Each structure stands twice: as C-alpha cells, then as structure tokens.
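Just one chain is shown here, as structure tokens, and it is the form predicted alone.
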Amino acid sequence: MSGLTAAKEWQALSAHYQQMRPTSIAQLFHDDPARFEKFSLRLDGFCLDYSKNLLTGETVGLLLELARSRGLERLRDEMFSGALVNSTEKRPALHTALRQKNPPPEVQKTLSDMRVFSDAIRSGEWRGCGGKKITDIVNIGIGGSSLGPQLVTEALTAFHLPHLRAHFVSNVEASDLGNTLKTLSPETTVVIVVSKTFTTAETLQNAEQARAWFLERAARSDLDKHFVAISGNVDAARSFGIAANNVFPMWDWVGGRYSVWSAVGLTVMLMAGAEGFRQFLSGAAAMDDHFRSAPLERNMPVLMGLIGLWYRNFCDMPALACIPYHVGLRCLPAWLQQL
C-alpha cells in the first residue's frame, strides 16, 4: 500500500480532504441547488443518486485521476477478456460470461438444461416418488451457494408460482434443516445440493441429513426424482446418490460469490421461471455493458467504488451501512458482506 499512498494522486486527495473537513452536505446543497442533477446517473430504470455524499466536482475529479493512474480501465478490460485476475488461485473471473447475450457454448447448454428441468417442475410434468407434483424446493449450500440464490429468489417473490415454495439451508447446526424438513413431504420435495467440489463439510453434512430424512420415508431408487446437484464434481455427486443427469455444472472461472448467475441460480429459475431468469441475466448484462463502455466519470460501479475508497481511506469512515427498505431485499446486506 505504501507505493499507492505515496502517489501524487493520493497525496492530492489527502490534501483535498483537509479542505473538505469543515463542509457539510447541507451546505453543499445550499450552495448549489442543481447538485442532484450534477451528481446522479440513470440507467434502465436505475437511479444512482450520489449527491448526498461529502464530495464536490473536484473530489470526483481527483478520485478519477487516481483510478486512471492505477490502470483501472486496463484492469477492467483484462477481467472481461479472461486474464488471470484472480491472483490467489491463478484463474480468470469470468462470471460476466454467464449473462452475455451470446454466452459460451457450455453456458448455453447449461441454461437449456436448467430450463428443461425448471419447466418440468413448474408444469407438474416432473413427479415425485408418490406420483405427486413437486411443491417444495430445498436449496442446501453455504456462502455464495446460498446467499446469492436466496437474495434473488426473495427479491422476485412477486413472480413466484403460488404452489411452489423455496427453502434455503446453510447453517450446519442440525435444527435449521430439521425444522425445515419437519413441515415437508419427501414425495413433493426436491433437494438441490450446491457445492463446487462436493466436499464442502457444512453442505455435505446437511445433504446427508436430508438424504437420511428422505430414505426413512422412500426408496433409494427414488433419489433421482428428488435430489439434484450443482457441482463441478460429478463423480462425487453420483457417489452420494444423485443421478448424473441431475448434476448441473459449476466452473472454476466462476467464483462462488458471483455464482448466482450460473446453475447455482437454479432455485431462482424454478421460482421465477426461465423467462424471469433470462431477464435477470439481461439486467446484469446491461450493467456489465455500462461498466465496460461508459466513461469513468459517468460509470455507476466506478463512481460507487471510488466514493467508498474516499470515505474509507480519506474520511476515515470504516463502516458501510446497507439498509434495504423492501423486505424482499433483506438478504442483500449479508450477500454484500460476503461479496
């Protein structure tokens, strides 16, 4: 960090903050009645209002100079091109490829397979071991394999089918899953086990508990009607008892925290439908395009990131409050914290 803090752009921001310290946001609005128009952006129904932050045009200009001096545009382009930007694991971070208008062939195939499965569940064509329609989906995962799908599923509650319910279990403490399964019937429940390696201890413990619950009431030969995996380890999933046709892939180039746009979002598709999931991907792609092409001074993700840098490193404000007002976004703070 010493090289960064010694940079002239960093030093200029430090000096600028000393000038800004006595200033209040109320005073900034008093001095400039058009402040909202100058410090807000709109894109596809989104409005980013950053006028209510302790900054001026000079602040934003200095932050942009810092970003450019550190090669932000080059680093952004490298991420989109598939460069090894994940330095700890020597991997690309290509989650953006999941939501492209024309994604890679393996992504297209997975989306197609997800749609076939989702449509069968939603229409009632897929029947459980008792010949009944599926009414409950239990998503077992941890971290991004749970928080992402839960956040989006709950945010899209208005689009759910009335006869289908989703449940998310990530707590390794047995009562979490136990209390969920207590109200369900094995004949009408599908369990989705989400684990890239299929070796995650917490996820496997819950999956084994769910399998034991199922086998107390149904035959082992019925597992393939009720258990699905999202994993990169097909052999381990099959050893667990999940049919190979019921395993949807995860790829090394998708980080778990960014995986809800992959097959990890299967519960989202089940609840909101394949077309709803497609629109979800399209919204993410629109923001990707904006991030990739908009000039930095009118770029929503860039400005939000730089304002965070300004507050944390210059204004000495180490905490960020994320306060969603809609109950459907109650999981957003937890997902952001993990992200």
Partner chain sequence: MSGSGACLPGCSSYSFFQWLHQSPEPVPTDLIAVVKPVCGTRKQHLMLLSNVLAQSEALMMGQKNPSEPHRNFTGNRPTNVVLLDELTPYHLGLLLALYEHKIFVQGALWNINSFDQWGVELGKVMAKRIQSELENKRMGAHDSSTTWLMKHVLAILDRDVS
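Quantities reported herein were computed from a predicted structural model and do not represent experimental measurements. Numbering follows the first chain given and starts at 1.
The form predicted in complex with the partner chain exists for this protein as well; it is not shown, and the discussion that follows is about that form.
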* in the predicted bound form, Ser24 touching the partner chain (heavy atom, 4.5 Å) -> yes
* Contact between Asn86 and the partner chain in the predicted bound form at 4.5 Å, heavy atoms? -> yes
* Asked: Does at least one non-hydrogen atom of Leu156 fall within 4.5 angstroms of the partner chain in the predicted bound form?
  -> yes
* Is there a heavy atom of Asn246 lying 4.5 Å or less from a heavy atom of the partner chain in the predicted bound form? -> no
* Looking at 175-183, 133-141, 72-80, 111-119, which lies within 4.5 angstroms of the partner chain in the predicted bound form, counting heavy atoms? -> 72-80
* Asked: Going through 271-294 from first to last, which residues have a non-hydrogen atom within 4.5 Å of the partner chain in the predicted bound form?
  -> Gly276, Gln279, Phe280, Ser282, Gly283, Ala284, Ala286, Met287, Asp288, Phe291
